[in-house]
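The form predicted alone is given below as one chain in C-alpha cells.
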C-alpha cells in the first residue's frame, strides 16, 4: 500500500541522515521543505522532496494544500493507566494545599493506588485505550506508559499486563516502564526496607520473567525515594536488563539527576530544580533531560530552567506526564504552547524537543521522530495554518486534521 501526500505547504523535521538528538543552539534549527510531497510505502517513509520531483505512482493521494506535515509527537513520560480522577485534590490545590500536603493526607499517588487495586484489568484497559485514542487525535504516535499506581505486587503486575494488552492492540509505538518505586504504600510508610525488598526480590523477577517492562523508573525526590534507595533499586533493575528513566528534582535538589547520569539513565524527567552542577553532569552524559511543563503549570511549581539548559548546550525533550493528579491531559500541542509561553523556548526548539529528542527519551529515535527515509510513517497533517508557529500560538485549538500511523 502506498500513500502520496502532495502540495504540502511545509514538510517539517526533514532529516536526510538520521540523528539521535538535537542539542543546544542546534535546537533552533528545524529543517522544512516548502511546497513538498511525501511518499509512504508499506508503512514507512519512502521518499520526499519538492513537488516538482513528486512521483506519479501512488495508491492513495492526499492533497495537503495550505497544510503542514510533521512526524507524530513522541510522548516519553505518561501515567495513563489509572482508576478514577482526582478533581477533589484540584480543589485542595486551589485552597492552597501543596502536592506534598495532599499526599500526607492520603491523597496523591496513594489515593490512586487504592482505587487501582480494586479495579479490574478490563476496566483499566478500556479507560487507558480511550486516553490513547484521545492522545492520537492530538498528533501523538508514540507513548511511554508507566506503572506506579499499583504499589503492590498484584497491582503493579496488573498495570504492566494492561500495557502489554495496549501494545498488542494499538498501532501506536508503546513502551512500558516499571515504576513500583513511585511512592511508599501506606503499610510501608515506616518500613522502607520492607517495600524495597518487595520491589527487588519479588516484583522485579516476575516482571523480567514475563518480559513486562522495557525500562525501570524511581521517583527520586524529597519525601519519596532517596538517592541511596534509588541506587539500590536501579542496581536490581540492571541485573534484569532494565535501563532507568528517573523522576528527578521535581520538588528539590534531590540527587536524582546525578543518580540518573551515574546509572546511564535514558532520561531524567521533571527537573524543576536544576543548577550548574546538574547541567554539568548532564553535559557529560547520554541522558536526555525531559521537561514536563504541564505539571509545573498545574501544580504551580517552580518551572524547569529550559532556557538555561539549552543555552548551556544540552538537548531537551518534552512530554505530557498525563496522569490524574498533576497533569490530567495528554495534549502535546498544549505542551508545546507551555514550553514557549512559560519556559521561553522558541517554537523550533519545542518542535525538536517533542519529536526527535523525545523519541530518543523513549528509545525509538531510529524508528520515529523525524521525516527520514526508512522510518515508520507516523505522521500528521495539520489543518490549514498561516505558519508553523501558529500551532503553539493557538493553544486552545487542536490543529491536527489527520493522523497516519504506519
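Positions refer to the first chain, counted from 1. From a predicted model like this one, the values you see are computed outputs, not experimental measurements.
There is another form of this protein, the form predicted together with a small molecule, and it is not shown here; the text below is about that form.
- When the small molecule is considered in the predicted bound form, only one residue from 323, 274, 177, 230 comes within 4.5 Å through any heavy atom, namely 323.
- The contact with the small molecule in the predicted bound form, taken as any heavy atom within 4.5 Å, belongs to 109 out of 135, 109, 213, 151.
- Within this chain, residue 77 lines the site of the small molecule in the predicted bound form, having a heavy atom no more than 4.5 Å away.
- At the 4.5 Å threshold, heavy atoms of residue 250 reach the small molecule in the predicted bound form.
- In the predicted bound form, none of the heavy atoms of residue 158 sits within 4.5 Å of a heavy atom of the small molecule.
- Among heavy atoms of residue 295, some come within 4.5 Å of the small molecule in the predicted bound form.
- Just one listed stretch, out of 282 to 290, 324 to 332, 137 to 145, 120 to 128, contacts the small molecule in the predicted bound form at the 4.5 Å heavy atom level, and that stretch is 324 to 332.
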